[in-house]
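Next up: just one chain, as structure tokens, the form predicted on its own.
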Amino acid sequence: MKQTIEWLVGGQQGEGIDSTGELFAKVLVKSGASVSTYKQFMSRIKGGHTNYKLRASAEHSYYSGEKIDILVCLDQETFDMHEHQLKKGSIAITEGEEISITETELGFIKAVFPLKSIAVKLGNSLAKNMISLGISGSLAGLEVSYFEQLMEELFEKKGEKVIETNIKAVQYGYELAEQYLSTYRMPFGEQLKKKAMKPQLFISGNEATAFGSFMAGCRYLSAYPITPASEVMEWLAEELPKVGGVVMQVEDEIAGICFAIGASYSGVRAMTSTSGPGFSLKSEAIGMAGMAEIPIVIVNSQRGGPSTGLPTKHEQSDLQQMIHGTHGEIPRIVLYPATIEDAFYLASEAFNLADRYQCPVIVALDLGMSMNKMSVPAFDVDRVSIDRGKLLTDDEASDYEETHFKRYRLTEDGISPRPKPGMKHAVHTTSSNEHDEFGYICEDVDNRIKMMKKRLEKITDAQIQVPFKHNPALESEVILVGMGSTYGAIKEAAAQLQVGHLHLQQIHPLPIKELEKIFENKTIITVENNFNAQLLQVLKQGMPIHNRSQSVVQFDGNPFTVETIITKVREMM
């Protein structure tokens, strides 16, 4: 019985490729499959090749795969680009003038259907995508009723006629597959029927991050639209007004972070979201938040750089910028969720860390996680707790009975009680210049040393609940180390290689003591999507692993495949 099915639809940007892929993915999720997706598109509004790839499996998986069982080609370019991913038994559905079914020399089936002309006869010239979905659904052994239910939900606002024509097109696709391809069916759906189906979310990393922020009490976001981070703002723009929150689409990236810092200073949980070039523009303000000790959460979804680079392609090359970006030295915490579930929980934890340590907390994502959806179990919202740290209530502030409150009071843990503006007995001064305990500008040498130690040392022992995910392999002397959306590919590669796998979620400050124990006498191989092996450099700065560490890097704009990781790691072992 087939355990997984890999499917890809491709065509020209603007032809509804994304919608078609998403619809098929939702049907698979509805059928009970675990689905992981990856979409590729050009950085333009219309035109150029685009595709939507998915891998559905009976067991939960974090990897969107590398081969194709069913290839839906809405243009010739798609077939030419993806033919090499087909294997014996795969089926390529292509457009042509007459119906023909051919077994190729490579062992895959090429099925030609006049999709456009059939769509016109059905009364909807745009329905070729739906016909191809029907063919795909039949081949995968999925029940047509799932398509019908979804059409009614999706097109409810467009009326009965639209629902009816689309259902008719999908049903026609089923009939075509039954008539011409019945001997090539892949009974994946039969496998799913044997498993108990539990409700699943089908959600992207951006949406999960926004959701986690919302549940943590974030009520303000100011940002400027940028790929691939915009979805964070779009999700919160829908949800925050319902609970009295605010989303500001501001004039640029600098305003995006400065507005959020202002909101946070007033006591509201606030954040900003961006991608690499936008993060660069926010650098000076990040320094201001660090110096003024104002909590702020910054989501940075990485894309291909530098400059405008590869704006719609995947990369993990902002790591050093997130750890070091700004002038001078400030306290900051950098988190990097390994999965979409982690994106939800780490986003909520980020707000607690920002409040607790009164510093910027950066949540790193990458395009591979940000924009791609995955089916995941429903989030456990009871795991989300809210800790505002030393944010004072009115009564607590009054207890100090100070005419001018010591905002930057020196304490044992380096963290000062924080009043909100306007509180009685808590009139205070905040400054981005070096300052004394009252917030007054002060360049005295002793004061400078005390304040620098207070700010920089307060995060020394900061540690999140799950700083890394670790899957040890018995007696293996090799550990593959990764971050972000490479989790699924590395996990599967490590299992096949029978080596350990560690995925880091707390990038800065590094959980050095815990990592040293795991890395002792092991060979470390980082697997990362950048040129300079930035993750390995970070690890080397914290631990003496220089003579027993290597890296596998890829920086072509595409995510790793399991096959690539295995090949490169075997060359090193």
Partner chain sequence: MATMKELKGDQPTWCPGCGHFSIMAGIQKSIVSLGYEPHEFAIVSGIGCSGKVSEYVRTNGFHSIHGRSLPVAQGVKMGNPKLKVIASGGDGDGYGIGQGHFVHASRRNIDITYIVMDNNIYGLTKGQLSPKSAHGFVTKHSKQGNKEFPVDPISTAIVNGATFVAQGFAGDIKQMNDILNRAIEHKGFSYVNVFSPCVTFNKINTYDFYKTNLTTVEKPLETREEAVAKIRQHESLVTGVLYEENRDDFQTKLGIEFDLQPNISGKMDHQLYQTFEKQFTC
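Positions refer to the first chain, counted from 1. Everything quoted here is computed from the prediction, not taken from an experiment.
What comes next is about the form predicted in complex with its partner chain, which is not displayed.
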Is Q498 close enough to its partner chain in the predicted complex to count, meaning some heavy atom within 4.5 Å? no
Even though its partner chain is not shown here, does G96 get within 4.5 Å of it in the predicted complex, heavy atoms only? no
Residue-level contact is defined here as any heavy atom of the residue lying within 4.5 Å of its partner chain in the predicted complex; does I449 satisfy this criterion? no
Answer for I261 alone: is it within 4.5 Å of its partner chain in the predicted complex, judged on heavy atom distances? yes
Which one of E148, E329, E83, E284 is close to its partner chain in the predicted complex, taking close to mean a heavy atom within 4.5 Å? E284
Only one of K424, K158, H324, K121 gets a heavy atom within 4.5 Å of its partner chain in the predicted complex. Which one? K424
Choose from 96-104, 457-465, 301-309, 374-382 the stretch whose residues reach within 4.5 Å of its partner chain in the predicted complex, heavy atoms counted. 374-382
Would all three of R55, D75 and P228 be in contact with its partner chain in the predicted complex, where contact means some heavy atom lies within 4.5 Å? no
If you apply a 4.5 angstroms heavy atom cut-off, which residues in 421-443 are near its partner chain in the predicted complex? P421, G422, M423, K424, A426, V427, H428, T429, T430, S431, S432, N433, G439, Y440, I441
